[in-house]
Ligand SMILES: Cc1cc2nc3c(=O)[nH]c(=O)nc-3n(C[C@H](O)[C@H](O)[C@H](O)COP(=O)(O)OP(=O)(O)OC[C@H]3O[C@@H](n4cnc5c(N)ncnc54)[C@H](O)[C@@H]3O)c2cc1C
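In structure tokens, one chain follows: the form predicted on its own.
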Amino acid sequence: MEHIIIIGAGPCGLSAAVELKRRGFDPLIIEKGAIVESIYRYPTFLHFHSTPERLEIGDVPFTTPNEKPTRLEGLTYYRMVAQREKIRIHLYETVTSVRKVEGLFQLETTDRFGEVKSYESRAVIVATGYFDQPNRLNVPGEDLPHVSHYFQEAHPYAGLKVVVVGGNNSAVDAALELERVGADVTVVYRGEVLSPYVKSWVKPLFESSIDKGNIEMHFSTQITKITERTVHLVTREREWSLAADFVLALTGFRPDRVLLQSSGVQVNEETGAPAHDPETFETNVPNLFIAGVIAAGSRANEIFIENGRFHGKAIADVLTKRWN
């Protein structure tokens, strides 16, 4: 039997594991993808919004000559921390159920070969991210092969017509990268202005590209249908269509709370936030904790690595007092 199982090997899950190890525990992390899978799935040439010290976990220095670390540096740093701290991690293994029976948690998982495994633990920390749950457009054609909710890099789109949907950092960054490689870029956003969360040093570059005519921008506009060759748009004043070789629906993501709810955790219908103590991050199910963005409600942008990395320390403090 395991004392503590952590679901998710993102920065917040790793941070919790480090804090627990330093208090004498030996937690097991179960991760359905790679170490820090969400960062791995970031665009190839992404730079973090934060400075390196605000991304550190376990007081392990994050050294880089860059003011804003790159995706590659982030992958290297978190991998190094996991290896240095000798964190036990089962990779490419998906937790399919968590049930509490007679005071113990029973977990079932499926690995990449389809093998079903069972675990038992005294405590569970759910530190899953949100990159598997894109905010869908819910329009006909969204599942066509040339439509994606993910953007890796611009090169494959050079010389092609690309419609980017969204008005936050991911959409703005992608549009600028696409422009640089010579794509014909149109950005469609339902808001009247760009999101206030767009990085301050990127926003002027994006607006300049619009002013120069290098990026076509449509505010207060929604997509009604996607076909193999076109995107259909609507505003209050008109309806029309655009030619599109590819559509990038970069509309953000949301945490998946199905596992939590099936475990007995209550979720606030209005805010989308799981019931939990904001000081200890323990849910209404005793010894079942949450860490990272899963603790946020519908406003997933309220919790980042910068503040979610501290959740593990609070949880470790609780379990140390409870069991030691």
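Keep in mind that this is a model prediction, so the values were computed, not measured. Start at 1 with the first residue shown and count on from there.
Missing here is the form predicted in complex with the ligand; even so, the following discussion is about that form.
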item	value
Full three-residue contact with the ligand in the model of the complex, heavy atom 4.5 Å, for 155, 167 and 204	no
In the model of the complex, residue 276 touching the ligand (heavy atom, 4.5 Å)	no
Distance check, residue 272 to the ligand in the model of the complex, heavy atom within 4.5 Å	no
Exercise: residue 257 in contact with the ligand in the model of the complex, heavy atom 4.5 Å	no
4.5 Å heavy atom contact, residue 315 and the ligand in the model of the complex	no
Residue stretch of 262-270, 59-67, 279-287, 46-54 approaching the ligand in the model of the complex, non-hydrogen atom distance within 4.5 Å	46-54
Residue among 130, 189, 77, 105 with a heavy atom within 4.5 Å of the ligand in the model of the complex	130
Heavy atom within 4.5 Å of the ligand in the model of the complex - qualifying residues of 69-105	93, 94, 95
